[in-house]
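We begin with a single chain expressed as structure tokens, specifically the form predicted alone.
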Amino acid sequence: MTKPKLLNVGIDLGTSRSVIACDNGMRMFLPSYVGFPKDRVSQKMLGKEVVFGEETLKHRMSLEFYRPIEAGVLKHSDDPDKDPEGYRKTVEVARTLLAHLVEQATAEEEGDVVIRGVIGAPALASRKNKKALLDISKGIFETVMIASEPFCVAYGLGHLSNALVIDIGAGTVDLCRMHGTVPDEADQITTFKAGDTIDQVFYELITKKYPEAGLTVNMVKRFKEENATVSDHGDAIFINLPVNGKPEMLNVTEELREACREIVPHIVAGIKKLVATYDPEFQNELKNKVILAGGGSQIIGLAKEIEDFMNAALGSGRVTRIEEPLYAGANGALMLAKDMPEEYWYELSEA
């Protein structure tokens, strides 16, 4: 008999986007949204029983819309017993999303394939959060490993010693210091002031300034992703919104900067804590190798803003952002899948 092919995959199952990288060279992403037609009419219009990613936003009026990941973890996974039906539905939707992602990335594989995956999770995800990821992996992976998302980023970039990785996502900002070993709880910090916080603050500031404008959080989220900045330099920033039904160009320069700056004090507080509790002999090296990753790392001027805070609070600091933020977590997870010995893997067939 022919031995099944082993395929390693790395997964970044994010609040806003989910990303996969495979050792067959395939990689892709899609927004972490799932939709099911509300009735027979919407099912006939869409021609399918489930919709993913951007298509769910396009047809959300016709769908039961789900965003199963919240603050970097499955909804209800902190206390599944509090809302067992809500947790059951979340697991079902998240498994559907994960299965779709894996199917799309492995569609060209032929013959028997055994898939094992590493899934990135927030730095301080609880045991219950991690169990939820194991639950959705059943039937998709043969074996699985749950790893800290910033650790995946650091591993993929080869920054394994005296480096501090900051992964800025939609649901969480995760900080992880590397010192040549697998990081433990003391090496990591998670803050929930992240991309979703920026979206909500930006929405509230625009609503306050232009109360007659028609907008949703999703509308400002898309605009933020294309224009996010904390820099005091640059041109004025305008957004096209309907005001009493008529489109108008509205100046939101200061509102966008203020919203984006909302996350900076929380990031700097995390940096200060991880530096202050590090071996004094290596603190300068750590301060000078701070790496920004994740979608939020692309905010214009953010690296400089954090450096300024570090210089004031810690005497020095050097911050760089990675070149490929979208795939960094999944790429690192894939590298872990290739390198980690068997004792790190969880056999789903035994769960």
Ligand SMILES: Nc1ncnc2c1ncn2[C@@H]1O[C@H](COP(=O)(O)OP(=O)(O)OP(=O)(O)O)[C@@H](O)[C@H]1O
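Position 1 is the first residue in the sequence shown; the rest follow in order. Being a predicted model, the structure only gives us computed values, none of them experimental.
Separately, the form predicted together with the ligand exists; it is not shown, and the next lines address it.
The contact residue chosen from 137, 148, 172, 77 relative to the ligand in the predicted complex is 172, the criterion being a non-hydrogen atom within 4.5 angstroms. Checking 259, 168, 105, 93 for any heavy atom within 4.5 Å of the ligand in the predicted complex turns up a single hit: 168. Contact with the ligand, judged by heavy atoms within 4.5 Å in the predicted complex, is confined among 156-164, 194-202, 233-241, 79-87 to 194-202. Contact annotation for residue 268: none of its heavy atoms lies within 4.5 Å of the ligand in the predicted complex.
Using a 4.5 angstroms threshold between heavy atoms, residue 296 counts as touching the ligand in the predicted complex. Although the partner is absent here, residue 16 sits close enough that one of its heavy atoms falls within 4.5 Å of the ligand in the predicted complex. Interface membership of residue 228, defined by any non-hydrogen atom within 4.5 Å of the ligand in the predicted complex, is confirmed. Applying a 4.5 Å heavy atom cutoff to the ligand in the predicted complex picks out 72 as the lone residue from 65-88.
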